[in-house]
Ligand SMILES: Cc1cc2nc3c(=O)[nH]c(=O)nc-3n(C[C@H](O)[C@H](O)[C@H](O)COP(=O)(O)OP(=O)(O)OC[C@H]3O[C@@H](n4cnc5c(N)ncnc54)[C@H](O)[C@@H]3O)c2cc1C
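Just one chain follows, in the form predicted alone, and it is written as structure tokens.
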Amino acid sequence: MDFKFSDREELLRKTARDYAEKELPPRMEAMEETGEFPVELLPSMGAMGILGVITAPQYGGIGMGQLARIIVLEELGRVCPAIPMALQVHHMCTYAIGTWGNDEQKAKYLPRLAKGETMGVVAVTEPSGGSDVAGLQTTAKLEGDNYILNGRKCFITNSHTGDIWVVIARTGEGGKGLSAFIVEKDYPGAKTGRKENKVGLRGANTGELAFTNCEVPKENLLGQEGMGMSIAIRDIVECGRPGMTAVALGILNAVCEQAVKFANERSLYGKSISKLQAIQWYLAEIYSDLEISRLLAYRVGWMLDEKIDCAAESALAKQYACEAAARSARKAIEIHGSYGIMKEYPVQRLLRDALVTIPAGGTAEISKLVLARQALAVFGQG
């Protein structure tokens, strides 16, 4: 693996960082209060290529790949993690359509998503559970020229801001009886439900989608009937988990910056607390988690761009980085002392944001199951 980024990737990083530092801070207080994504930023994000970073140029994107996507999400997350949380699910939608869609579907939907006319949604999780994809209960029955969808999805990112939904529904029995559909928000029988009031990642709108005899044109079947399980799992592995890793990586960058800044500025016993060994140990642990997570994230992005299977590496990166973000934010609060639990200081928000990343995009327990299977496969052949 070559650890040197291309000139284009470095320019993308600088552009994303400059944009984040200029555009996101003035909107963060409103996001914390309302839980809403600042949709007025979508056109400028589209013009910069942020929304179409993994979308092919013929469909309005810049086609730079998954490593570039991780760089963008990391830089945005360093300032406001809720923004890349919303964008990484948007990218999951573009990835699903770009990978399994036909030419007509790509031409119809990808340019709109790349330009920022709306946001993309991927809807898998249901009230019955998210980890058990094979147990999904939303149904889709072909009647004439339409599939009729009935069911409910929950904990869906971009639920109330996205108009293009990739929905997994049941067309048959068992795990092989799932299919994927492109559903537009204004289709008859489709509606949004409740909005969730999350503890963190407040600017990434989250809520329910409901389908009551929802009419979806049969040409909006994504791939073929029975491919829903494969599409859902691959989209999560190849886009969702790397995206969540990048969100956590952004949080870790911010945590480390805030911890070092406060340690240098705060004085106790007549000297900066950064001179105290206990504080230095905390800083060392936070920095270690940051650098380990960065290596894991970049490796997955590189492997995906090289078309190397990385299901285990993706699970490891997601599970490690998200838990590292939470424990490092907790240590940063310790460094801040009583200031750490005051809303004027970012570390309390970073902890709340980090906690939300842990179940999102696949729980830590599911990641550990993937890693256990990998260990048994690699080392259990003797």
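So that there is no doubt, residue numbering starts at 1 and follows the sequence shown. Everything numeric in this text was worked out from a predicted model, so none of it was measured.
The discussion below concerns the form predicted together with the named molecule, not included here.
Visitor: Would you mind picking out the stretch of 121 to 129, 186 to 194, 282 to 290, 141 to 149 that comes within 4.5 angstroms of the named molecule in the predicted complex, counting non-hydrogen atoms?
Guide: Comparing against the named molecule in the predicted complex, the contact stretch is 121 to 129.
Visitor: Given that the named molecule is left out here, which of 96, 71, 87, 156 has a heavy atom within 4.5 Å of it in the predicted complex?
Guide: By the 4.5 Å heavy-atom cutoff, the listed residue in contact is 156.
Visitor: In the predicted complex, which of the listed residues (198, 160, 299, 170) lies with a heavy atom within 4.5 Å of the named molecule?
Guide: So the residue touching the named molecule in the predicted complex, by this definition, is 198.
Visitor: Is the gap between residue 365 and the named molecule in the predicted complex 4.5 Å or less for some heavy atom pair?
Guide: Yes, residue 365 sits close enough to the named molecule in the predicted complex that at least one of its heavy atoms falls within 4.5 Å.
Visitor: Taking the named molecule as it sits in the predicted complex, is residue 31 near enough to touch it, meaning that at least one heavy atom pair lies within 4.5 angstroms?
Guide: Result no; residue 31 lies far from the named molecule in the predicted complex.
Visitor: Report yes if any heavy atom of residue 360 sits within 4.5 Å of a heavy atom of the named molecule in the predicted complex; otherwise report no.
Guide: Yes, residue 360 sits close enough to the named molecule in the predicted complex that at least one of its heavy atoms falls within 4.5 Å.
Visitor: If we define contact as a non-hydrogen atom of the residue within 4.5 angstroms of the partner, is residue 356 a contact of the named molecule in the predicted complex?
Guide: Looking in the predicted complex, residue contacts with the named molecule include residue 356, since a heavy atom lies within 4.5 Å.
Visitor: Who in 216 to 236 is close to the named molecule in the predicted complex, meaning a heavy atom within 4.5 Å?
Guide: Stretch hits: zero.
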